[in-house]
Every structure is written in structure tokens, then in C-alpha cells.
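For reference, the chain that follows is the form predicted alone, supplied as C-alpha cells.
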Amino acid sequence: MPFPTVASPIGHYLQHLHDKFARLEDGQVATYIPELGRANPAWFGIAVATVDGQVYEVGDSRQEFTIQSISKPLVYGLALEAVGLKQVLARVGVEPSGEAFNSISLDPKTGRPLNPMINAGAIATSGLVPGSSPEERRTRLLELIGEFAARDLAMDDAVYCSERDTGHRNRAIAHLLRNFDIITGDPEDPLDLYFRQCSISVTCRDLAVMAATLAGGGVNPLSRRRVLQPQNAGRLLSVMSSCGMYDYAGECIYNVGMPAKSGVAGGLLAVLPGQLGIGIFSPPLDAKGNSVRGIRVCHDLSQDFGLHLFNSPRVVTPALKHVQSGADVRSKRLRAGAELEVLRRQGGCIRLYQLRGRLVFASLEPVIRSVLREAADCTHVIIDLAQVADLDRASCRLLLDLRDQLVRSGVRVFLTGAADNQTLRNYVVSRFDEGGWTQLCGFDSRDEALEACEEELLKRHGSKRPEPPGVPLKQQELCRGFTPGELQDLAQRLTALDLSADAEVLAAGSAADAMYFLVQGEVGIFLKPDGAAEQLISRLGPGMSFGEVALVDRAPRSATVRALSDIQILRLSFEAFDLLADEGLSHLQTKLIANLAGVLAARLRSANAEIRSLK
């Protein structure tokens, strides 16, 4: 039965590969070992495991088959751990043979097999497995390969007997090795162990976990146990890259770019060091003894996800810098109390993911996992790429596949900070069109996208500010609790002004002589740090005030206020404010100051929450 994968763009892509190559009918199931000929040629599984333990699998990923030659590098690793490099190299070399897996490639002077991936080298390596008896050596070997898979494994007795009874060429190789003293004692003992190691039952998922163990420098990503020392894992991968695919090894490392090992039962294991492992199972083999579908899948995975070893970064840094919620971080638009309350309650539906560094498969895959884990609680997702130094087409594909999956779940998605990224733009336009680019990446900054998400939430939950003719004085944030008479007294002391977009209302450094109520339109607060360009730090909409902080200290203006659209404002001069007490209206001063304190406190709490979210 096919095993369902994790719902993810990566899982969907693997399913696409499975569907694409399941129709291939090239190749033949191996029959020289009679029991292998029983395999169903339609069996086909793909699994990918990351070094932090995430496994994606599709198709017949849990169908058991025998590991065959994929055991060779694992047993080579066991020999390195058990007897050391010097003794291993004395018995087995590391040079490619360029010949088939069952070739008799021995050094003409010493009789030493050229490498541990051909049968001669593997039999010699099996002879190095420590133990005081054949049973103890079998147990040691089976336990080690089980540690690579993070589960207990067993041998397939039927396949073992079939290999033992028909393995005449391997028997001849074993005796030839005994002739050169490469193996000592009865050559049937290491030969029998070799037959048994090849008959261990595994699954496609097991192969992916084994490969991820090698990718992680010898640490199993599921059990977190160290199976091999890092230096031995490196030696093992080196031999796999040059010898693991026999007379296809050079072409494989050139085109696919990952150390790999195949087995005649149809298994194939590939490793991208530091990032992931791949396991594929499909019994039909090509003329060189490699799984036809397995080779095709590895090639597409490498090409589509940029997995070629020599094109990938040696160190993969985490791409996710911050995850923030719309309940904790706000756009630069300052909002009145009712809107703030809605965003406090509903803002958690907005998630903002800030990425950084170079995006490749291994750095982006955990981000996708994180986004999908939280998607059920989201209505809006913003992925900010402003601090991304580079991304390839594979990352573009994953980002858009993630977007498609979120949209199908009813989540709005925006990519921000990508205006100058030509790679992403070209990919989006090729996949959609210019309209798709505008829709997905139309906001230059995450703040603009965040404000748009806030506006949609406010409309959805019924607290959006009214459209023109604007916000009257009684609804202004500094006029909460005013009686009609008090509003009339205040209105008599206000001057109405209409200004056009881009008009400068206040200039940084100018004298503070008034505060303003914004009735209609939008203004921006700008700062100009020393030696830097002017920066927009916040936006204010109808119902809000500005210039009011100077009411307390009367210090010169610290920022510039400019109209972002045509605006209508009400001006209260500080002179008029000071005269309120002389006119018997000191209670208006008290109420204005009290409301101002409340507004500033709310803004301070919001700023503190945003700062905390950045830790």
C-alpha cells in the first residue's frame, strides 16, 4: 500500500516525480538471484530525510526489499570503526574500478580489491567485522545497520538461501582473496556474512534515514545517536562518490552530484552532505545494475532542487530569522483604540516570517515546515525576503508551491522585500504573468503588506474606520469622554486646514507651537538619522493626533510630518491650550492630558511587544 507523505510542497513535488516515472517500463528485474525475480516491477517508492529528522515519502516507501549492495558502504564504515583505517586500507583500496559490481578487480601485486563497493572489496570488508564467532559477527553487523535505520532489522532467509546457493562467482572471489591472504581462515565465513548482509530487509524510508545519517556526519536524525565518527562518515562518502555506482559512478557524480549507492533489488541511496538523504526503491534495473526509476528521480531532484554537491553551500545557515504575529507587531500606521483592540484579538491570524541568508533546499525546507504547522490558525502570511542574499530557482519553486498550498487553504500570502530580485521575478512571471508578480510581490516592504493585512482584518471584524467625510472631533482619540459642551468649547479654539499630498505640516527642528487632530487623509512621520536617508517611521490615519507630545515639554520638533494624501486637520495652538485655564476650562486641559497619556502608553506597549518579538 502506498504510504501518504506529509502534506507539503515537498511532498507534492515527490508525488509529481512518482507520477511522472511510475509509467516508465524500461529495465528488467534482477533474476540472477532467483528470489529477487519475484519482485513486482511496479513497486516504486521515494523518500527524502533531512538531517534534522523530517521524512517525506510517497509511493511504496514501506515495501520491504533486501538491501543488497547498499550494505557495502555501511559495513565498510563498521570496519573503519572496529579495526581502524590502517588495517582496512591494508585489505581494501579506494580506487575506482570502472567495472561492473561483480568484477574481479584486484591489485596484480598484492591481490587487494580496488575498492569496497565491488563484490571483492565488500567480501574483504565483511572479513573485518569483529566477533569471536560467526553468530556474534552477524549480530554485530545487523545491529549496526539497524542503527543506521533507527529500527531493528531482520534478514530475509529466502533471499539469503537463494544468494548462497547461486553465488558461485562470489565464492570464487572469496577463495581468490584467501589465496592472497586478504581474508584469513575459512573463506566461507566472511562469504556467508556477506550473503547475509545483502539479504537484510529494508524499506525505501530506511534508505533515506540511512542516507541522512551519513549526511549528518554519522548522527542518525531520528534516534540522535552517533553511528559513525565524522571522519569515517567522510571516508565512506568519498568512496561512494567515486565507486558507489560502479561503471556509472563518474556520470552519476557529474550529473547528479551526490554520493550514491545502488542495490540489485532496486534500492538506491543518495547523500547530500550536511543537508539530506534520499532513498528510492524500484526493482527494474538498467544494464549497469542500477534502478532505472531511481536514477531518473535522483537526476530530477538534483536539477529541480539544486542539490548538486559542488553547486551547494558547504555550510547551510538557518533561513528563518524571526516569526512574528500580527498580535505582537504592528505596521507603521498608528491606530486608534478600537482598531488596536481588534488587532490585539485577531492579529494572531497574521504571521510574518523574516528570512535571511542564502535560500537553498536545506535552509528553506524547515521554513516551509514551520509555516505549514501554523497555517491552520492563519488568514494572512507575509514572507519577508529583504535580508535574503541569494535564492535559486529551486527556492523560487518551493516558495510558490508553498503559496499555492496556502491559498488553497484560504490563506492570503505576500512575498515582500523582493522588488530587486530578478531571479524570483523571472520565475514568478514565467509561472504566472506580470499580474501574478504584482499580486504576490506588489508590496516593497513588509510594513506595507502588514498594513494591508491589518486593513483586511479590520474590515472583516467590523472595526474599520469610516471612509470620508472623515472622523469628527467627538471620535478623535484625544477626545474620549468629552461632553457635547466640552467638544463645542474645544472646537471654538481649533483652526481647520486642508492640505495637499506631500505638504509638509511640521519640520524637524522647528519650534513646537501647536498640536493637530487628523480628520481625513493620512500623514507620515519621518526621521532623518545622521548621514542616512529620510525614513518613514509611522503613518497616522483619521481620528489620530500628532504634534501632541510637545504639549508636555515644548521642545523643538524631533520629526517631520508630511501629508501622504490630501488631508484635513484641526489645529490647536499651544497658546490656546494654555489660555484654557484662564478661561475657566482647566478640566479640558486635564482631559486632553489624560487621554494623551493613555494614547502614549498604548503606543509604548505596542512598541515594547514588537521589540520583544525580535529577540
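Remember, it's a predicted structure, so these values are computed and weren't measured experimentally. Start at 1 and count along the sequence shown; that's the residue number.
We do not show the form predicted in complex with glutamic acid, though everything after this point is about it.
For the three residues 77, 148 and 220, a heavy atom within 4.5 Å of glutamic acid turns up in the predicted bound form in no case. Although the partner is absent here, residue 201 is not a contact residue: none of its heavy atoms lies within 4.5 angstroms of glutamic acid in the predicted bound form. At least one heavy atom of residue 119 is located within 4.5 Å of glutamic acid in the predicted bound form. Taking the partner from the other structure, glutamic acid in the predicted bound form has no heavy atom within 4.5 Å of any heavy atom of residue 405.
In the predicted bound form, glutamic acid lies within 4.5 Å of some heavy atom of residue 163.
None of 33, 561, 51, 58 but one reaches within 4.5 angstroms of glutamic acid in the predicted bound form through a heavy atom, and that residue is 33. Comment: glutamic acid is not present in this chain, but in the predicted bound form one of 346, 325, 170, 538 has a heavy atom within 4.5 Å of it, namely 170.
Partner contact region in the predicted bound form: 67-75, out of 276-284, 449-457, 67-75, 385-393, criterion any non-hydrogen atom within 4.5 Å of glutamic acid.
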